[in-house]
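Consider the single chain below, provided in structure tokens and representing the form predicted alone.
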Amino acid sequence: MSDASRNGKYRIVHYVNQFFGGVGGEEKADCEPFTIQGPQGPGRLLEKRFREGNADAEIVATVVCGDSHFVEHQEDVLRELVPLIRGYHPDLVVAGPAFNAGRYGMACGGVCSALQPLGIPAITAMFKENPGVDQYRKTVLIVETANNVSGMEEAVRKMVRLGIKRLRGEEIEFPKAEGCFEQGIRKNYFHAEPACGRAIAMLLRKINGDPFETEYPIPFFDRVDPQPAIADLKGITIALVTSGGIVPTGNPDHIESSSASKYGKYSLEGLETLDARTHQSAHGGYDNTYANNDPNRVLPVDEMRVLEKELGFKRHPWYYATVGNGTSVDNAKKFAKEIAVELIRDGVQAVILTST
């Protein structure tokens, strides 16, 4: 605890991305880390709410980093930011809220997680579909938020309530009760009622249609039933779609290397193969040396040409590409729906979806 906090004033450091730091939008996502003295953007609301909650706290510094710069240089950025933040002697670090911004969520989670071994309390907040939740929920207290910035007021309110408890040294035994995502940590304790009695009580509530909550919720995973195989490929149109990040050289649509917010549509007209001079991988989740040397290893245009002549199908003259690394389920579903509409409109009967 710092001298300032012992004198009744808590010191808070706030981490934000380039947008909330006032630098700019996506065009500034590669900005390097810098600090602003005092609160910035949502930090002003955070500081106000802390004081309204009878916690005499001030945001002594706001640390800003571009989303793309963080995810593309995470180890280097953390090596710079951790001692920088530690130098402010914070009683608490608040990151975000990140809502459903995937790269921002990964950055917030990364910063908070890196501070844990130093004993610096840190909290963040994001939407349930943010990839940062699955990546960091076991090590970081993450407040659940709405999908977008319209939920700022509620997110700040919950973060401040949790932050005050952390500042006062209170143990957060049940994260869900504080509006956080469960961390999957199981603790043994003695319950007044045996398990058989609790189970029967839950069953009766379920039969009667009354609300109940299981003590150990089972995770839910989407299941997609495979379509029947196509017996004869002759005459049908097949398209190529990839989440492996193969794009024209220079990445003209600026698809993010992690937590993609977009996809691209690119022409294959007249191409017998992909060339290292004309195509590259924009993916940040694997060593793309071999993909850059021969993009066909991820998007097999060369083999498609061979099979097209051999089996008699027609290759769609366009392919679609995005990056699967850290991309939220919501965005993936959105991309799929939009791409499917175009493929159906163009008379495509089958798709080969390649990854890494």
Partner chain sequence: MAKEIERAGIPVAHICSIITISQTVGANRIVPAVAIPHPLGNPRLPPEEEKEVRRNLLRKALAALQTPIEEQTVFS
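Residue numbers count along the first chain shown, from 1. Take the two forms, find the largest set of C-alpha atoms that superpose within 1.5 Å, and that set is the rigid core. Computed from a predicted structure; not experimentally measured.
There is also a form predicted in complex with its partner chain; it is not shown, and the following applies to it.
J.: Please run the contact check for T35 against its partner chain in the predicted bound form: heavy atoms, 4.5 angstroms, yes or no?
T.: T35 lies outside the contact set for its partner chain.
J.: Taking 4.5 angstroms as the cut-off for heavy atoms, does V60 touch its partner chain in the predicted bound form?
T.: Because no heavy atom of V60 falls inside 4.5 Å of its partner chain in the predicted bound form, the answer is no.
J.: Could you confirm whether F19 comes within 4.5 Å of its partner chain in the predicted bound form, counting heavy atoms only?
T.: Heavy-atom contact with its partner chain at 4.5 Å: absent for F19.
J.: Does the 4.5 Å heavy atom contact test between E269 and its partner chain in the predicted bound form come out positive?
T.: Although its partner chain is absent here, E269 would stay clear of it in the predicted bound form, with no heavy atoms inside 4.5 Å.
J.: Hey, of 304-312, 42-50, 62-70, 24-32, which bit sits against its partner chain in the predicted bound form at 4.5 Å between non-hydrogen atoms?
T.: Stretch 304-312 is the one.
J.: Decide yes or no: are V82, M152 and E154 jointly within 4.5 Å of its partner chain in the predicted bound form, with each residue judged by its heavy atoms?
T.: Checking in the predicted bound form: none of V82, M152 and E154 is within 4.5 Å of its partner chain.
J.: Among the candidate residues V224, C196, I207, A177, which is the single one with a non-hydrogen atom no more than 4.5 Å from its partner chain in the predicted bound form?
T.: Of the candidates V224, C196, I207, A177, V224 is the one lying within 4.5 Å of its partner chain in the predicted bound form.
J.: Where, within 311-335, is there a heavy atom within 4.5 Å of its partner chain in the predicted bound form? Residue list please.
T.: The stretch touches the partner through L311, F313, T322, A332, K333, F335.
J.: Compare the position of the CA of Y290 between the shown form and the other one after a rigid core fit and state whether the shift reaches 2 Å.
T.: Indeed, Y290 is displaced by 2 Å or more.
J.: Indicate whether K138 shows a C-alpha shift of 2 Å or more between the shown form and the other one, with the rigid core used for the fit.
T.: No, its C-alpha moves less than 2 Å.
J.: Aligning on the rigid core, do we see the C-alpha of G179 shift 2 angstroms or more between the shown form and the other one?
T.: G179 C-alpha, core-superposed: shift of less than 2 Å.
J.: What direction does the V341-N100 Cα distance move in the predicted bound form compared with the shown chain, closer or farther, given a change of 3 Å or more?
T.: Relative to the shown form, the pair is farther apart.
J.: Closer or farther: how do the Cα atoms of Q135 and A336 compare in the predicted bound form versus the shown form, where the change is at least 3 Å?
T.: Nearer in the predicted bound form, by 3 Å or more.
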